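The data below hold one chain only, encoded as structure tokens and taken in the form predicted on its own.
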Amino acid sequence: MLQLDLTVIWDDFRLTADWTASAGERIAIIGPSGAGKSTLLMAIAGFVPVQGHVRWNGTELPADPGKRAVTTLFQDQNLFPHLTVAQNLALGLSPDLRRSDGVDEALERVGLSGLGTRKPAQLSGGQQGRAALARALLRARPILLLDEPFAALGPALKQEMLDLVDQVAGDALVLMVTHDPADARRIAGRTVMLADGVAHPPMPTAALLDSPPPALRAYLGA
């Protein structure tokens, strides 16, 4: 279980979150641009300082982001263009590329069998997303953070990638930033509304989006 009791303060920006989420859940995070959705993920990942606590199964996550039980997929996929796909995946195992166990299996799980020798530029946008997801799988961390990694894809391909995440993430807790309520409806059983400096506790997605509170209604234009 992820337990958040945190505050992020930067100059005049303030963000609070006080709620829990369980292993295996898919939770969307939605709210206006600039409200702090990515900041919330960065706080959980350990990339920004917080006041309070971020705990997993009752244990405070370490200060070092590399030692946290967290993997983050960013919008730009973070694939290194000079490395092959297989080498990019191997970075998820060790920064010196000395380990490659499980790379072929991870590529197979995301439908990229036989493409490990290609460079990222030789892949389509959807294939690059699959490669980044495969690297996340190799890290085998129990918390997967998605900071709109598929935002540049067309609607059909984005839906395909979200379905793939849901399928391959298994028992991992998935927290997904999105601007699109359709993404939340597709895979998220619960959704966090972020507005006015508060990441509100997750609510059932359908109920929240069908009867949005005023702040969310204004954002959605509903």
Partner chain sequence: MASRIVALIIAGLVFGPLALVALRAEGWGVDWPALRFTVTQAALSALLSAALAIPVARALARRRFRGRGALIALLGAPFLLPVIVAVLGLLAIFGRAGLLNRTLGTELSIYGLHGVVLAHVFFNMPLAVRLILQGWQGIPAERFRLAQSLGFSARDISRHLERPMLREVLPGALTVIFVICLASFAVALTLGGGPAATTVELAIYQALRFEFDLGRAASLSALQFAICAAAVLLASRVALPSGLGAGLDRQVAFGPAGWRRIADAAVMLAASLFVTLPLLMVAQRGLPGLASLPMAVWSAAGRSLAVALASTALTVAAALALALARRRWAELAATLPLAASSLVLGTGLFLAIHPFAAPERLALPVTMLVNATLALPFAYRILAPATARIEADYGRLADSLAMRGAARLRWLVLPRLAQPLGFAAGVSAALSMGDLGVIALFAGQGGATLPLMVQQLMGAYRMEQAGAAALLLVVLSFGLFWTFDAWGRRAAT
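Numbering follows the first chain given and starts at 1. Owing to the predicted nature of the structure, the values given are computational and were not obtained by experimental measurement.
One more form of this protein, predicted in complex with its partner chain, exists but is not displayed; see below.
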Task: Stretch in contact in the model of the complex with its partner chain, which is absent here, among 187-195, 25-33, 63-71, 161-169 (heavy atoms within 4.5 Å) - done: 63-71
Open item on the list: Using a 4.5 angstroms cut-off on non-hydrogen atoms, would Asn78 count as touching its partner chain in the model of the complex?
Closed with: yes
Task: Proximity of Met42 to its partner chain in the model of the complex, heavy atoms at 4.5 Å - done: yes
TODO: Indicate whether its partner chain has at least one heavy atom within 4.5 Å of a heavy atom of Gly114 in the model of the complex.
DONE: no
- [ ] Flag Asp101 as yes or no: does it have a non-hydrogen atom within 4.5 angstroms of any non-hydrogen atom of its partner chain in the model of the complex?
- [x] no
- [ ] Could you tell me which one of Leu137, Leu123, Leu91, Leu144 places a heavy atom within 4.5 Å of its partner chain in the model of the complex?
- [x] Leu91
- [ ] Can you tell me which bits of 95-115 touch its partner chain in the model of the complex, meaning any heavy atom within 4.5 Å?
- [x] Pro95, Asp96, Leu97
